[in-house]
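The chain below stands alone and is given as structure tokens, in the form predicted on its own.
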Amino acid sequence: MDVTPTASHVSSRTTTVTAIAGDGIGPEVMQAVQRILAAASAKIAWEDAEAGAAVFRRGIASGCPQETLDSIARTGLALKGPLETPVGFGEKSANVTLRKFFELYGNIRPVRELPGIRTPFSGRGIDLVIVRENVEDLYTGIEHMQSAGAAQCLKLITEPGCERIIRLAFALTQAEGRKKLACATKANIMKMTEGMMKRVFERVAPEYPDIAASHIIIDNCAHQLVIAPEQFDVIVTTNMNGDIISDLAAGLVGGLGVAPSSNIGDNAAMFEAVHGSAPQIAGKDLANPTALLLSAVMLLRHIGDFAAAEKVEQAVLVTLEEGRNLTGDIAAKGQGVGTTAFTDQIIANLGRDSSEASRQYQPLKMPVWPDVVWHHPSAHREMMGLDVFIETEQRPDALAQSLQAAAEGTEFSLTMIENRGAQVWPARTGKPFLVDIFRCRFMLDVPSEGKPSDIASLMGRISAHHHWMHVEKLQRFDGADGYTRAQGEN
């Protein structure tokens, strides 16, 4: 796999970065970060842009005006404050829109114990990174109402999506001088989707013999993060899993107010505070800019300005160590100061070194992905049958009788009916609670390498008596079934 560094060594040129202040406390923390970076002589020029609540109110459903998208397309870099997704207007999250639009497939969330911030986990030496796939999984947002009372969401996992995030995780592990990478999935239950992540990880891992690669079930991973978080170095996982455990991990070291993040893609990168917009304290000089500031440190390293990144990070650590002039959320009770005073203290500490050594970061060598429509051809494909999803109030036996009659004289035979994943016909021991959505499996009497001629006939007969929502082909690729069985189906 070809790789390319995301940044070269520090140069004298100025880098233009799109600045999206965001909502609520966003403008205050953005101003604080820009002051500190200027004081640290970071060579950044800011191009201001807008996204979030104010954009939604103007009737732009994505929350991102074209001018903002154009700015990021030009600069390839963004620093973003918190965005609100208002209730009652607007559609998609503006955060998700930006990640999707620029294919920011890798979400990187460092979690490190910080001096002076006391938590129940202080002294454990927590220092890990969660690498989350950022554009696939349930977050594709493909949802449908199957009936008035039943909804479905499509969990979409692809082989290249898995490989991209896994190779990014290995590259990050190397760039930060780390030694261990754990892949966390729910492959024991979702053997095709989450299982794909596990299989790709195990295929790629031997290319990185210097890194100890392991797999862990995601619920055990969450458990171990609370029991012994110091055991982890880097964790790579799917989108929803990563969303949950990255917030969990941030809670171990002080919460989202001190948690930085980056979103990385082939052509752009966005660095953001993942905490909320905190409208209740907006404009009151109370906000803590640490999360956005540490995200800016990640930005500096991304563009190759390692000296400025180290200078800013050390100033933050010195400020936290000394415990003077901290914002109210991290200060001793009754001793908090405002955003401005905290910012002034960090600026005053620029050039000082803390007792906490920084990692020796190297440029992150990103995989280079071809600009093609990815396709994984199979040598042999067979169609085995159909799953037809039907809305009905009929009991399973009556439904089966009707569907058997519909299939009579076609190439298909009804073999199974399930409800919410459990087989209900032919009847098995137990009595599952039934809802009005049934998955009805029709298998071909003889598997077909082409398109069976009776699909239209079968669906027409079903339509004459039942309301169906959608149909899934049951296929076998190179001798392996591309579909799962219902609970209880043999």
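Worth saying up front: this structure is predicted, and the values here are computed from it rather than measured. Residue numbers run from 1 along the displayed sequence.
Keep in mind that the form predicted in complex with a small molecule is not shown, yet the notes after this line are about it.
Only one of the listed residues (149, 279, 125, 209) places a non-hydrogen atom within 4.5 angstroms of the small molecule in the model of the complex, and that residue is 279. Proximity to the small molecule in the model of the complex, taken as a non-hydrogen atom within 4.5 angstroms, holds for one residue of 243, 418, 194, 84, which is 84. The stretch from 380-388, 74-82, 309-317, 167-175 that comes within 4.5 Å of the small molecule in the model of the complex, counting heavy atoms only, is 74-82. For residue 356, no non-hydrogen atom is located within 4.5 Å of the small molecule in the model of the complex, even though that partner is not displayed. None of the heavy atoms of residue 133 is located within 4.5 Å of the small molecule in the model of the complex. When contacts are judged by a 4.5 Å heavy atom cut-off, residue 329 counts as touching the small molecule in the model of the complex.
Taking non-hydrogen atoms only, residue 275 approaches the small molecule to within 4.5 angstroms in the model of the complex.
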